[in-house]
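What follows is one chain in structure tokens, specifically the form predicted on its own.
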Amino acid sequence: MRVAFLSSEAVPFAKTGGLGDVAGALPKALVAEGVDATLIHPLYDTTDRALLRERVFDNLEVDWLGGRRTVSVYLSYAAGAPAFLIDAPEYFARGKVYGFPDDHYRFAFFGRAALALLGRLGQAPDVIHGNDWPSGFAAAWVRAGRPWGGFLANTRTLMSIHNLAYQGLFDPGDLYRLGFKGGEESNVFLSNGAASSLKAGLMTSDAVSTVSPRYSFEIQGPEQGHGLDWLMRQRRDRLVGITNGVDYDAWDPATDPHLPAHYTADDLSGKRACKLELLRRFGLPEEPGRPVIASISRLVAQKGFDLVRQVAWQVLEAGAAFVSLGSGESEYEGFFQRLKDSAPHRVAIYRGFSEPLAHQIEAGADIFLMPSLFEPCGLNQMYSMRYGTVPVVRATGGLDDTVEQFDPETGEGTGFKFGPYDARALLGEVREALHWYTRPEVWRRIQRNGMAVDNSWGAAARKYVRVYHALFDL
């Protein structure tokens, strides 16, 4: 089985969110399952050139905007699977991955270049596995080309939704210039007066996957379908939910190079050292007995920060400290700054993102907060469980699939969940967690329950392999 995995971000080359983690780990896990998996990815100016092994092509020709464009392609093995990185500075030397008015041109070019690269490599993949809206253009071109035969005529396509809210919208007047010549080629993009590369990918792919079983059902309803619920219902016989995994090579408290001390479920003493170092790192009082609640997230409404804003002072009054890593909407950045200014010995913030610091927070915190309005899968709750940090989450999407409510009667469970999107419900579960934190024996049980869960990529990769084979029976 030969699989070409297309992604606009993948660790260690680029990351803005969970897609970067998934795309950096799944191809490697597929290789471990015997799949000939290759990652295709843009070469951004922010990518560390030390990760590149060699330039394999300096003259890859790409049909583009009615002419031809020549680009270079580099090879890397830094992600654990062969990765080809397309060097087009005009589009990818922008200082960040997304956020430009011509993003649809940038990633349409990426799709064209990825297909040209597959042709240059000489053997068609069995499956092209695209991810989120930047890969929708490639799926549409593969489908449009099938009636004419050619190199990819027998290649199947799978489209993975990591977040249906981001749909790659642009002016439909640009479709012709991008190479979609009208008729069905263009119609698959049209969505409420705009063009959507995600919709095109979902309509033209042979099957669709998303990143947790519950999310696959949620997106079939209007509340989380973001205007495409009708399409998800239409394609439900070709829609599957596969929960993301965790790359335990990168996320393991027993070996993590970013930590000041290591620990396991059998010996949690190193976690105390990590907590003390985290407190020192942020200049907070070194009070190891005080519970530390952490958040690592984009500061946007989807992540539930309107709820956090309503209960933050009550959480601090209950005796906890709070550590936040992330950036986003100004109203939430401003709120956390005001909270820190008002309680400088109990609140710490880092505006932006730091991968080493994310690991250190996961290890040093006691409780991890994810009160998301919706969450297709989520990874931090799984990182937290692996690091003995107990998650408090809203029961939605992958959060509901991966966190088991703690039951004091049986001692089973890995965290705390609330259902209604309501600040009082969130505060109730935080208080429940803080209550059990004062019972060290019970708390260690919850920590060890979480650390024992196997969220590794192997099981998820095997499910993807079954989906790839099933594509040829459709």
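One rule holds for the numbers: they count along the sequence shown, beginning at 1. On a predicted model such as this, the values are computed, not experimentally measured, just so you know.
Below, we refer to the form predicted in complex with adenosine-5'-diphosphate (ADP), which is not included among the displayed structures.
For adenosine-5'-diphosphate (ADP) in the model of the complex, the listed stretch (136-144, 183-191, 331-339, 346-354) containing residues with heavy atoms inside 4.5 Å is 346-354.
With respect to adenosine-5'-diphosphate (ADP) in the model of the complex, the three residues 296, 302 and 383 uniformly fall within 4.5 angstroms at the level of their nearest heavy atom.
Only one of 240, 370, 88, 320 comes within 4.5 Å of adenosine-5'-diphosphate (ADP) in the model of the complex through a heavy atom, and that residue is 370. Only one of 291, 80, 125, 326 comes within 4.5 Å of adenosine-5'-diphosphate (ADP) in the model of the complex through a heavy atom, and that residue is 326. The closest non-hydrogen atom of residue 378 lies within 4.5 Å of adenosine-5'-diphosphate (ADP) in the model of the complex. At a distance threshold of 4.5 angstroms between non-hydrogen atoms, residue 25 is out of contact with adenosine-5'-diphosphate (ADP) in the model of the complex. Mapping the unseen interface onto this chain, residue 251 counts among the residues with a heavy atom inside 4.5 Å of adenosine-5'-diphosphate (ADP) in the model of the complex.
Proximity of residue 358 to adenosine-5'-diphosphate (ADP) in the model of the complex falls within the 4.5 Å heavy atom cutoff. Taking adenosine-5'-diphosphate (ADP) as positioned in the model of the complex, the residues of 1-40 that bring a heavy atom within 4.5 Å of it are, in sequence order, 15, 17, 18, 19, 21.
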